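One chain is shown next in C-alpha cells, namely the form predicted alone.
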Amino acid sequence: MENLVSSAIVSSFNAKLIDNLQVDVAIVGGGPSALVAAKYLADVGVKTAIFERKLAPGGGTWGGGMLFNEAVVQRDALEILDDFGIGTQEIATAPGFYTLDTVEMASGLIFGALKSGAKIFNAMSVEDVVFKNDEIGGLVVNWTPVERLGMHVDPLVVIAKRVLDGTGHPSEIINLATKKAQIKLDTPTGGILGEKPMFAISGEASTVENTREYFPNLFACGMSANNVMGGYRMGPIFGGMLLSGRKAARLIQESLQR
C-alpha cells in the first residue's frame, strides 16, 4: 500500500511537470492578479502554468488588513468575483465598495484558476529567465527549499511563449531580466521606476493602467506592474488587482494571436 501511494504521487506529478515544461504562458507568483489572469487565459484554451515560491498560493490576500481577514473591493471588480463564485457584502456607509472574506477570496481564486485548466506549481522559485534572440523565452526554476538552503542543485527550464511577472512589490522577474539580460523596459527611464508610498485611489487606478507588456514577451500585472512604472501602493483593497489580472489575460491573448 505504501509503495502504491508513493508511486502514484511521483508518476502523477512527473506527468504534470513534463506536460508543463513547455507552455503558452508562464506566470510567476500566485497572487490575486496572477490567479485571475490564469483563469481567463485557461478559459480560452491558453496553456498556462503558475510558479509560486510559497507553499500556499494567494499572495497577500490571506491576511487581509493587518491579520483582520477581510478586504475591500469596488463595484468594478464584482463581475470578476462572480466568475469565481466569491461573495461580497456592500458597505452601508460607502456605497460602491464591498467587503469580502480574504480566506474565501484566496481559496476561491486558486480553485477557479485550477478548475479552468491552469496548473499551479507551488514551492518553486524562479532563479533566472530564458533569453534568446533578444526576447524572453521562459523561466529557470528550482525548488524553494533548494534556493533557501543555498544548495548547489542545477535548475530546470520551462519554455514559454509569454511570461507574466506577478511577483508583487519586488517585480522579481523583470528585475532579473534588467540586471542579467540588461534589457531596456518600456518605461520613461528604460528601467524599473520603483513603487511609491500609499495613495489608495491612485494606486488602484495605476495598477490597471500599468498592466502591460514591458519587453517582448514579458508582461507585468498587479503590484509588480506598479513597481515597474512607479505607481502608488494601495493596501488591502483588491479591485485593482483583480482588474489588472483580467487585463493581463486580455493583452497576452491578443499578443499570442498576433
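The first residue of the sequence shown is number 1, and the count goes up from there. Just so you know, these numbers come straight off a predicted model, no measurement behind them.
The same protein also has a form predicted together with a small molecule, omitted here; what follows describes it.
- Stretch 227-235 is the answer when you ask which of 227-235, 211-219, 186-194, 37-45 has residues with heavy atoms within 4.5 Å of the small molecule in the model of the complex.
- Put simply, A49 is far from the small molecule in the model of the complex: not one heavy atom of it is within 4.5 Å.
- The small molecule in the model of the complex comes within 4.5 Å of no heavy atom belonging to A248.
- In the model of the complex, the small molecule sits within 4.5 Å of a heavy atom belonging to V126.
- At a distance threshold of 4.5 angstroms between non-hydrogen atoms, I173 is in contact with the small molecule in the model of the complex.
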